[in-house]
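Just the one chain here, the form predicted on its own, laid out as structure tokens.
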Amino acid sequence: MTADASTLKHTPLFERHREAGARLVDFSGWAMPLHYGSQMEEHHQVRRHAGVFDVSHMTVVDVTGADAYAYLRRLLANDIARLEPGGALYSCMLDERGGVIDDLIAYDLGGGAFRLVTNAATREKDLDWMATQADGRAVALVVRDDLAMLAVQGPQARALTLPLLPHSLRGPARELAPFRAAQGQVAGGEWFVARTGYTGEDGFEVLLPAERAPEFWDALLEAGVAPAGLGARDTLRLEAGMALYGQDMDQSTTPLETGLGWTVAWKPAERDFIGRAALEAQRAAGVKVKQAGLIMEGRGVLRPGMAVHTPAGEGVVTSGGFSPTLGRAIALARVPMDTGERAEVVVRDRREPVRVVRPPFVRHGKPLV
């Protein structure tokens, strides 16, 4: 254990992680498992079978009130008008300059209520911004620290998880399409099951009463689901081409510069979401950079911050590492818009050739590049 766990916040599964011999690290003030012995093996378990991640450090906020719908249509760059009850969408929350305050998933709970799941590292900033934007509106923001959150991911994840859910939720969960959710009040409290994730594999994200999390974790492991830590979560999401807040985008970048233009709902034109004017101006002027994938041609590892040289100009690696599935180094990078298929990355003062591709690199266990 490398983190001083006594000074950090704990999820309801902290003792389970310690008992399993997890290497615990400080992640945004939380004692979180980096791995349980082999990050590589945990990665492969998720790609080939099923793994479970404790993501109870994420911030869950329920948004209710007469103005909740209108509030979220202004707060988010994507449009919750696209949702039906039980639906989910991925969106960025922007400032007036179009900078990304955070990325999140929004769920329509039905009855005019919504749920946002945001990042742990941006918790205080997010909550302050949401409260400021809600001022003067009939909106209630309730942080659901009473819930734990487990992500069960992999080709066998749904089949192994379904029998362990409360009986009343098994049928609805079995029928869920991607980016749909089911919820219910059962003995012991509220359960919420979404067919979403951050690995490029199928699976569920399950929110449940915090006190029920240890027994659910135990049942998953007993069923053959492998525990997985933050290390594997990072390599999995990188292979899937999924952006990480604080590396691939932040408040100094816009969605149009970071491969997230698809999350901006431009229609209807009269929807005045925060940051819209800035994004429209940037789009009209021409976006200068884009997010691209890089694949190392030879040996070496790609790391965030490395310089990228292209015939079109200079760029930078934003996320990088070794891909266990591909067996070579890969990266996400912000590069000039006109970048072609070849580039070089500075690795230990040497320019190493890389192939420029369009992410994702891997999806549903299959290499795509």
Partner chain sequence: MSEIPKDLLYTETHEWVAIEDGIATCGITDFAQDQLGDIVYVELPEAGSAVGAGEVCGVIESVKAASDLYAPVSGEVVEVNQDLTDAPELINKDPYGDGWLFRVKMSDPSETDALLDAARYEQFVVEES
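Numbering follows the first chain given and starts at 1. What you are looking at is a predicted structure, and each value in this text was computed from that prediction instead of being measured.
Absent from the display: the form predicted in complex with the partner chain. The rest refers to it.
Relative to the partner chain in the predicted bound form, residues R74, Q247 and G275 are all farther than 4.5 Å at every heavy atom. Remark: of stretches 335-343, 30-38, 66-74, 307-315, the one touching the partner chain in the predicted bound form is 30-38 (heavy atom within 4.5 Å). The partner chain in the predicted bound form is approached by R303, whose closest heavy atom lies within 4.5 angstroms of it.
At the 4.5 Å threshold, heavy atoms of R299 reach the partner chain in the predicted bound form. Although the partner is absent from this view, R23 contacts the partner chain in the predicted bound form, with a non-hydrogen atom inside 4.5 angstroms. Along 307-336, one residue reaches a heavy atom to within 4.5 Å of the partner chain in the predicted bound form: F322.
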